[in-house]
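Shown next are two forms of a single protein chain, provided one at a time as structure tokens under the names structure 1 and structure 2.
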Structure 1
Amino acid sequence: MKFTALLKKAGMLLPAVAILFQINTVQAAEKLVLTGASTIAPLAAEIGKRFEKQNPDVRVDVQTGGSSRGVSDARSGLADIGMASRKLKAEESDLKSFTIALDGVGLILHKDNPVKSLTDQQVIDIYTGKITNWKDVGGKDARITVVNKAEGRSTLELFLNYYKLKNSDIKPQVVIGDNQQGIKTVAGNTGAIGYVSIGTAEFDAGNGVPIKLLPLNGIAASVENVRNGSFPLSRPLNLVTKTAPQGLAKRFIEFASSKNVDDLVEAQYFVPLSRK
């Protein structure tokens, strides 16, 4: 009986204890809110964790909702920092943007595929099912296996934007989740074409995986060309603020664009900035 009485008492105490803890955390932490692009969110969360470790009294809160939300939240002040996986548009030029990394997507083929390059129109025709055999684009007589990404992935979004396609226009034979699955699928099928983050593809191609990156409009798909801005199928990952950042936001943006986070950038298959 005593036992149950004790339980009851403990039960009554619990909410009080919970409130105490809450007050404690609220008082202890300075909070920084980031909202926006789902492409940047995982990277921002990792950077946030490292930032919190160095600044124990700071909490970094990262929420997704797309680049547009990032921009509008930064403007309205709902977020301290917005995240946008694109350049700011002309009508957004009142905001300040800070590039923390670059994202590049490259088309990959099996190493044994003799095709050396494809025009934009050929890529569109292959992905929409108008061309289904490699011999129509100068290759062997073999069926093309179109590898597409699952809905919601940032590489898919970038790819669709560049070729001005809708996902429902694409007629894929294989749909993949992450980059590694895409590389393994293409490496195991001489007739496959896919697209993945350039960082991983370049690393794997250099380490004996039988794939090759296709150039785009004559520009080689390499991390170097993404970094210097010449590769067209790429985009900046930006942090956006309403006015010139100050205090905590300024410290965070400086940290996020510093060398201290290059390993985190690479772990997410993005390309770190070039620094002098």
Structure 2
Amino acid sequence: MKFTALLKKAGMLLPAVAILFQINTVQAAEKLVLTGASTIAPLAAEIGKRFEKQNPDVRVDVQTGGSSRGVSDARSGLADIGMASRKLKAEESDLKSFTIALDGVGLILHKDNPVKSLTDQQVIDIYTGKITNWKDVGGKDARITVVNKAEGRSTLELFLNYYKLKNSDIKPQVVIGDNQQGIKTVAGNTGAIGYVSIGTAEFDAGNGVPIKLLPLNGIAASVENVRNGSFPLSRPLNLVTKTAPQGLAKRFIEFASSKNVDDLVEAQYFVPLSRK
């Protein structure tokens, strides 16, 4: 009787053991964690999906939080790969960066705003609070809503560097995080001005979102002008690692930098790398 009972108990345990084995098998899959720039995140996620299909035992986890988080997490080891939509700074030269695409940053207005262009000085005066009404730059008699980026966003750093401003100089009415927040804010406010990724803005404007991109010094803010190098406010989209990448991280970066993902880069309205 005792032997029979033991067999019955063993029979009950077998399914549980099988389930546990399956769970452990799933947990054994390699995981790659990327954190950082919201500009890169959607592209990295699509690249990750394609990479997973080619590597069924791999899971790619993409998280946002800004370029500064990407750099910090890569340095501290919280992420296998950081995402930074800018060049590395001098104090970050200990890290390794790998460009996977190019992007531009452009000023956006609501599409119903009659203003067609702004000089650099007018942009500076608007963002520093010296100009507060659109009529002063050829628009309607309406208050300007200045939309600025939050600290840690590479678009903020690029904007400040180009216009030679400090963030403390800016007098914003709204502070936003990622590109979609900026576009949503301007699309919902006819008096707003903001700056976002050209690729994202061009895509959304082409799909009916009520925004428009302003030219910069007479050069249209377009993906094509980022591609040909004529647009002055552009940047690399980088993957960042603490040391020279090895193993899974190296394989992913090589894949993300290859022509195998050019269609994904273009689908996000970014510019693929030039290759001979």
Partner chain sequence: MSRSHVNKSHADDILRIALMSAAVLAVGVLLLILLFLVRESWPALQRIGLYRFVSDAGWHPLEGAFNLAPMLIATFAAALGAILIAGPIGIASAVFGRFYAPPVIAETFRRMVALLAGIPSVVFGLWGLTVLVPIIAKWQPPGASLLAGMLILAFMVLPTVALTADAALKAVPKQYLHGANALGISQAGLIFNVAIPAARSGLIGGILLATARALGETMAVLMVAGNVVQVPNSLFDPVRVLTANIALEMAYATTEHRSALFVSGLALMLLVVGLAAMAGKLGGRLHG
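Just so it is clear, the model here is predicted, and its values are computed rather than measured. Numbering runs along the sequence of structure 1, starting at 1.
Of the two forms shown, structure 2 is the one predicted alone, while structure 1 is not. Domain assignment between structures 1 and 2: residue 104 and residue 225 are placed in one and the same rigid part, by better superposition fit of each C-alpha.
This chain moves as two rigid pieces, and the smaller piece turns through 39° between structures 1 and 2.
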